[in-house]
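One chain comes next, on its own, written as structure tokens: the form predicted alone.
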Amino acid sequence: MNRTIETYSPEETFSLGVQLGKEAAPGQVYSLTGDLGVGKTVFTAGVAKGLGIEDVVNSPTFTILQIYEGGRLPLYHFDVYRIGDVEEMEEIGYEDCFYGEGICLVEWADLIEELLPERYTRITIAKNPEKGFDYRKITVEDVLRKTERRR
């Protein structure tokens, strides 16, 4: 299902993340895109809360992957902004996360798009200063990637 939601405060963005976390099923992968400072970590903290995770959520910019457990499902939070090449993803065992029993949330996923599963959910967060400093347009899209068929 594709939908667009407008939020007007960090609390509303967090609440939308909570809702997504409550609805999440094992094995789901979410790509999360948006400019720096748009609220990706606030949204992710909401997802963690919706999963029942009480840990403080931080952006894993320098570690690439943070794993949060203790909720109804594990949350694998990737930030691939600083990734050099896709081989680094293989070194950290991304497949165990992408195809495991938890959910994955991948910031800057467009940088590793070729590694994303055939089906995933793309979440885009955008600002519009004309609508206010805290305004966010959040688009949620189900994606079915076309894979090349080998002959």
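Keep in mind it's a predicted model, so treat the numbers as computed, not measured. In case it trips you up, residue 1 is the first one in the sequence shown, and so on.
Another form exists, predicted together with a small molecule; not displayed. Remarks below refer to it.
Participant: Under a 4.5 angstroms heavy atom criterion, identify the one residue in Q19, N128, S9, T139 near the small molecule in the model of the complex.
Facilitator: When the small molecule is considered in the model of the complex, the option within 4.5 Å is S9.
Participant: Pick from I83, L116, I53, V42: which residue has any heavy atom within 4.5 angstroms of the small molecule in the model of the complex?
Facilitator: The residue from I83, L116, I53, V42 that makes the contact is V42.
Participant: For the chain seen here without its partner, which of 116-124, 63-71, 29-37, 96-104 has a heavy atom within 4.5 Å of the small molecule in the model of the complex?
Facilitator: Of the options given, it is 29-37.
Participant: In the model of the complex, does D134 have a heavy atom within 4.5 Å of the small molecule?
Facilitator: So D134 counts as contacting the small molecule.
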